[in-house]
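Here we start with a single chain on its own, the form predicted on its own, put down as structure tokens.
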Amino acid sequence: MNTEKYPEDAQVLCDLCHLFGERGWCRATSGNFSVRIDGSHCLITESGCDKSRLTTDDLMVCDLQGQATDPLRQPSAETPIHTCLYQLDESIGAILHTHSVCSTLLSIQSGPTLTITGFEMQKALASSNSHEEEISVPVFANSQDMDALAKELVAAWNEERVRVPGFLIAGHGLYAWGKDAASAQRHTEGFEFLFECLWQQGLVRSS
């Protein structure tokens, strides 16, 4: 399966990588981005690519078991998180993983969840209707074992502990998603704004 068959999806991913790279959210080849291209495959960034300089040649196709359709290509080590989310919810059309300074630091300081309330920007998230609501962002330990982390994610999802379109990995950063690339971008930008507000105010509420 060739990435050239999906020029629009490939260009959208490249544009997002460049934008987020310029904002410093994906430094030193960090981060990974994907879009669902059909019921059993996704287009995803290849391992070790500088996101601020990404080209369509740096994208590859994986099935939802995390296997590359081209055996000569190496997907990101975090591909199991993407494929797990696509399998958990068929409405998810894009997943974006950033490594901003604020999300990384907050994820270390918080407990199992990071609680956010009182910010108008909360309404950027599809799950939130008011700044008065409390948003609980799950925080998972950074085990470096992506398959084990995917299993933790499944358990949290089935227990309805993932109620917002995103979660944090401690010392690692944010995963956010949406029905398409545009909504995933909105959610990522909303989360990153909220994280920056919390960090600058020195407010970390966890549970």
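One rule holds for the numbers: they count along the sequence shown, beginning at 1. Since we're looking at a predicted model, the values are computed, not measured.
As for the form predicted together with another copy of the chain, it is not shown, yet the points below apply to it.
This chain is displayed without another copy of the chain, yet in the model of the complex the stretch 178-186 from 62-70, 178-186, 152-160, 36-44 comes within 4.5 Å of it by heavy atoms.
In the model of the complex, another copy of the chain stays beyond 4.5 Å of every heavy atom belonging to Ser136. Under a 4.5 angstroms non-hydrogen atom cutoff, another copy of the chain in the model of the complex has Thr104 among its neighbouring residues.
Although the partner is absent here, Asp50 lies within 4.5 Å of another copy of the chain in the model of the complex, judged by heavy atoms. For Thr79, no non-hydrogen atom is located within 4.5 Å of another copy of the chain in the model of the complex, even though that partner is not displayed. Contacts to another copy of the chain in the model of the complex (heavy atom within 4.5 Å) from stretch 4-19: Asp15, Leu16, Leu19.
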